[in-house]
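The form predicted alone is given below as one chain in structure tokens.
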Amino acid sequence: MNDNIMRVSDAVCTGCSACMNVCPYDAIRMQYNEEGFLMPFVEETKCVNCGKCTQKCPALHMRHKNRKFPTVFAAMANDDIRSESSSGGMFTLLAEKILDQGGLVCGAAFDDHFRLSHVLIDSKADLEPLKKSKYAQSNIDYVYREIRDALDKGQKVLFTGTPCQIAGARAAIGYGYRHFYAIDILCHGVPSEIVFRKYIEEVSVQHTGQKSALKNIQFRNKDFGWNCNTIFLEFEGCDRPYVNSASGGDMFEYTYHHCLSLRKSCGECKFAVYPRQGDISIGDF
């Protein structure tokens, strides 16, 4: 067995996808393991044992460039922005600032099948899907490569994600770009995709009487107060939304907030500490 080939245990790997993005031979792909978490799988027929994946893996080679004691601010957007945000709306303000300067913004958005992935946008018109909390792990795919290409062209890029994703982005893109801005969120951890899919299927049957397609999902809908334990779901063909919380018996919210469905590496996260990975960290005050 060659030590250069990417072999990181489930307990260590964060699924940040840095290894896949830096592989010069595209020998690594991210796939869901049996528990529903993204893991790197090496196509050894393509691998030339260059070792770049292990050299760049932030879980194996941590790097902290920020101060241990950051400056802390309490801030919030105006009522209009804040009412459309899960928290204080600071991501929207920062993203709009970069977009106004002709830059790009990269964040997590659900697709039509409610699978979460990171996308790169260049317009305020495309900003809405990147807003609000999403209790899922986004698929990075090859967005780090897209960001590096944009930076090489002289564009500003704002990237937001979990601390481990920020570490992955910096490892894959490099530390030499002064127009790359990173925002990490105060993260609780990421749940299993398999658990999430089974949950949606079971709730649709219980709530509508049949397997109905999901048409809207909101975590922390402010219509129900400042409550991070409430989930709001709408299904096709049903006029009545499903609204429940961890205290009300919703199993996804309960297992998530009680850390029963999280990725193994989240249990001893190396990145949810000071110094933080991002240039700015945002979370509830």
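Every value quoted in this text rests on a predicted model; they were computed, and no experiment measured them. Position 1 is the first residue in the sequence shown; the rest follow in order.
Heads up, the form predicted in complex with a small molecule isn't pictured, but that's what we're talking about next.
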Exercise. In the predicted complex, which of the listed residues (A150, A136, I173, L99) lies with a heavy atom within 4.5 Å of the small molecule?
Worked result: A136
For this session: Work out which of the listed stretches, 192-200, 208-216, 87-95, 141-149, brings a heavy atom within 4.5 angstroms of the small molecule in the predicted complex.
Result: 87-95
For this session: Examine L186 and determine whether its closest non-hydrogen atom to the small molecule in the predicted complex is within 4.5 angstroms.
Result: yes
Problem set entry | the small molecule contact in the predicted complex: K131, any heavy atom under 4.5 Å | yes
For this session: Please run the contact check for G168 against the small molecule in the predicted complex: heavy atoms, 4.5 angstroms, yes or no?
Result: no
Exercise. Is the gap between R220 and the small molecule in the predicted complex 4.5 Å or less for some heavy atom pair?
Worked result: yes
